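The data below hold one chain only, encoded as structure tokens and taken in the form predicted on its own.
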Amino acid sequence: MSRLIRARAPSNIALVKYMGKADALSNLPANPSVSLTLSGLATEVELRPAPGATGFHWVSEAPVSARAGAWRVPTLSDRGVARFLRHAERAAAAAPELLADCGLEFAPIEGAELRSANSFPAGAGIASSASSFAALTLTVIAAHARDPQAFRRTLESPERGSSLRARLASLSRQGSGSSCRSFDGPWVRWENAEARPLRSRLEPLTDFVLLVRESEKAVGSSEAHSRVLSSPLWKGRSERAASRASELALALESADFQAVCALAWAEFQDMHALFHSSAERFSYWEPESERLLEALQPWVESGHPRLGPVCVTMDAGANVHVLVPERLAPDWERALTKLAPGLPRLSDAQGLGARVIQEGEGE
């Protein structure tokens, strides 16, 4: 194999959360989750041939196409590198059957280097694990296709692409659970082993991420999944989340943004209450997180006086996501600047999921 392959996968923001596992080994969730796929907040992974080598090797450099602007190489521990490479091997082992099932020919790989970069801070609660493992899975599988262009056409095909994306999502989930939601979009429901697009009549949204904390969080998501089981609030958690997932699907279908906002607020509060009440208690909230939530709550409940409803949520981190109609994004940006002057902020549009961005001859 002499081809260089690059793929890009976006982060996703869940409005009904994945927290708690039914099966830790395969990352099967304890409840359904519903997420919005983003676009620019993404990870790019590059696979470059390594003549004479065997297996996969991590190189702490950005892919060539991600060396400008805000892209940054993740700082991985030895354990993180091992997890990344272990999943690359898992994807390679699955490639022959996965490609054959989608009518594509397989080509073996002897040795390759892997490079990765994020367009946003890793480890700060913006689902970098989701985008990273989705991009890694897609890159490795695409690299094993004898005809990369045929693979790309299949992935982008309205008729055949859904089956390939579903297979990729299922494989990616084994490396990082929430990564399975980054293959489709804009709305995705993940339940048990299946992540599928969710029908929505809601107008396009913009996600503003108020960056309260950009550094690595003290309690990683994997540990959080374990700790919440000791919370007295864990009883009934899967039922509460499943009910919200069903209600959210109806709200999306009927374009009821106010209902979406109310459900998202109740859901992230529910998840963080698990953290705050675990036997080994922990919290991602910073004083600024709490100040922002207090200021935003009246707008969630009654709408902004001029701009209407706003959807607010938090992942397992200190940062606050504010989702608003795309057509009102400039007005909301001004409102958020007044609310939190000087606070760093990211913004992103909704997207359609992971894609191959380049294939070519390796150097």
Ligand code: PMV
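Quick caveat: nothing in here was measured; it's all calculated off a predicted structure. Residue positions are given as counts along the sequence shown, with the first one as 1.
The form predicted together with this ligand exists for this protein as well; it is not shown, and the discussion that follows is about that form.
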item: Output flag, P10, F183 and R355 jointly within 4.5 Å of this ligand in the model of the complex, heavy atom basis; value: no
item: In the model of the complex, the one of A316, V300, A30, L41 near this ligand [non-hydrogen atom within 4.5 angstroms]; value: A316
item: Contact assignment for this ligand in the model of the complex, among L205, M271, A241, L164, heavy atom within 4.5 Å; value: M271
item: S178: touches this ligand in the model of the complex, heavy atom cutoff 4.5 angstroms; value: yes
item: Heavy atom of S129 within 4.5 Å of this ligand in the model of the complex; value: yes
item: Contact test in the model of the complex: R189 vs this ligand, heavy atoms, 4.5 Å; value: no
item: Non-hydrogen atom contact Q174 with this ligand in the model of the complex at 4.5 angstroms; value: no
item: Heavy atom contact within 4.5 Å of this ligand in the model of the complex, the stretch among 323-331, 308-316, 54-62, 291-299; value: 308-316
item: Stretch 216-239 - residues with a heavy atom within 4.5 Å of this ligand in the model of the complex; value: S221, H225
